[in-house]
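Below you will find one chain, with nothing else, as structure tokens; this is the form predicted on its own, and questions on how it binds or moves follow later.
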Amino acid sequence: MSRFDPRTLGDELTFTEVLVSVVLGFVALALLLSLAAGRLGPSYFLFLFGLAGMYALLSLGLNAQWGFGGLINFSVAAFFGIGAYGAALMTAGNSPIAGGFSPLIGLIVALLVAAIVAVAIGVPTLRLRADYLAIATLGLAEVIRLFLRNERQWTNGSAGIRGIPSFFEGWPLLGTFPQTMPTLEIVIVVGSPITLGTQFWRQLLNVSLLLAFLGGAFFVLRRAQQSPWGRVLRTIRSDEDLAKALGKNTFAFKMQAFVLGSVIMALAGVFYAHLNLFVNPGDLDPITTFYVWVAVILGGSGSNRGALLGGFVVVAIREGSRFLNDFAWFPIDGAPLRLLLIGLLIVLVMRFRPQGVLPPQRELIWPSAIEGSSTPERPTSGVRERKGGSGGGGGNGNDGGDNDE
């Protein structure tokens, strides 16, 4: 096995990255051919892309907790639900609490509530072993799901919340963009026209919002990962006692990582509410947490690129299995196969690629560290000579600076 060399990061891709790029290229080509042939509607394709991006956001949030700090959070679905219900209750027409507010207000309220809940669950658990955090978050997920399902006067119960506006409703230009854009019909394959109507333009706005959320979350996490804050978190994950011995307040660092990841998960919930325009307690199913954990393990713990890849792969398996029913020659119902395929994927990854498909080595190094020459520059003078020069020439004549090299 070849040894990882940071000096090659700027010049070449690893074999795994090349392979992943090739596979993604084939998938993109297959999707384009399906669109051209009319087998896949453009609006539905953008909806699936938004769903995959939502899982990628959830994976980024879990990666900030587990990948950076080793925090075991089994309440991904809970914080996702907090974001979705926070946005829905503030903006929906049939909201039993408020409703009618701007989606921006719903976004702020949802993220604030998620941060408050994260602090409330973190204060009594983050000072203890990781086992207690896992148990507490597992209980939190079920408590929030049952609360949303049974408290009709606050959450509409199992009926859910309808009438959620799109995120850009009421905005200048963007609010009326889907209705003002003309309906276009593109014919690539004769007999299979591609229609770009109001629904397509609406989903295009949703994808733009998703890319803004993803780009912002990825940028923040990448900068945090390469910062001293990120290095302390990786030390805590590897050996918390060592971090304490170095004088670091490990509780504060873990709390910051837990709140940051929870807010990103709530951000995914806000996007889902305005994408689906309907939320109900079924969206907080524990299987959502399972899918997100699979995505992080698949991509590589601690890798932001891996979290993005894992989120898209999980949705590809989850939604792609639905199309197996379209093939008459396939003897098995495709929907139940998704858990089998995801389970098989976990086994293969843990057996042949336990570090994940895209481990985080590249992400831990600043780009400036690999720019220019491929080998470190040797100093032209010794340490004592430089020290003497910086002190205004106050060194001894026999410093021997030239001999220090």
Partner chain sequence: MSVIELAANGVVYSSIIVLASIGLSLIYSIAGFANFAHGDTMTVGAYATLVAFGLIGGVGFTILGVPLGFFAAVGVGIAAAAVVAVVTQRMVYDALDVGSIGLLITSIGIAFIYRALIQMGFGADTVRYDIPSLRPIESLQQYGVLITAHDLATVLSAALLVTGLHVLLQHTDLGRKMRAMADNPDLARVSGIRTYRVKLWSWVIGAGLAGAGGAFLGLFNQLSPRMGFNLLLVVFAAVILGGIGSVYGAVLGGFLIGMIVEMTPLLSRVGVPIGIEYAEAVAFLIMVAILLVRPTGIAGDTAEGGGV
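Rigid core: the largest C-alpha set superposing within 1.5 Å between the two forms. Numbering follows the first chain given and starts at 1. The shown structure was predicted, so the numbers you read here are calculated from the model rather than taken from an experiment.
From this point on, the text means the form predicted together with its partner chain, which you will not see here.
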- Here the chain is shown alone; which of L51, L35, I342, V357 has a heavy atom within 4.5 Å of its partner chain in the predicted complex? I342
- Partner-free chain; cross-checking its partner chain in the predicted complex, the single residue of I97, L211, L138, L277 with a heavy atom within 4.5 Å is L138
- Query: So, in the predicted complex, is W293 in contact with its partner chain at a 4.5 angstroms heavy atom limit?
  - Reply: yes
- Message: Would you classify E142 as touching its partner chain in the predicted complex, given a 4.5 Å non-hydrogen atom cut-off?
- Response: yes
- Message: My question is simply whether W66 lines the interface with its partner chain in the predicted complex - judged by any non-hydrogen atom within 4.5 Å.
- Response: yes
- Would you please decide whether D285 lies within 4.5 angstroms of its partner chain in the predicted complex, comparing each non-hydrogen atom pair? yes
- Can you pick the stretch from 310-318, 158-166, 84-92, 145-153 whose heavy atoms fall within 4.5 Å of its partner chain in the predicted complex? 145-153
- Tell me whether I297, V347 and M350, taken together, all sit within 4.5 Å of its partner chain in the predicted complex, counting heavy atoms only. yes
- Core-aligned, is the CA shift for F352 between this form and the one not shown 2 angstroms or more? yes
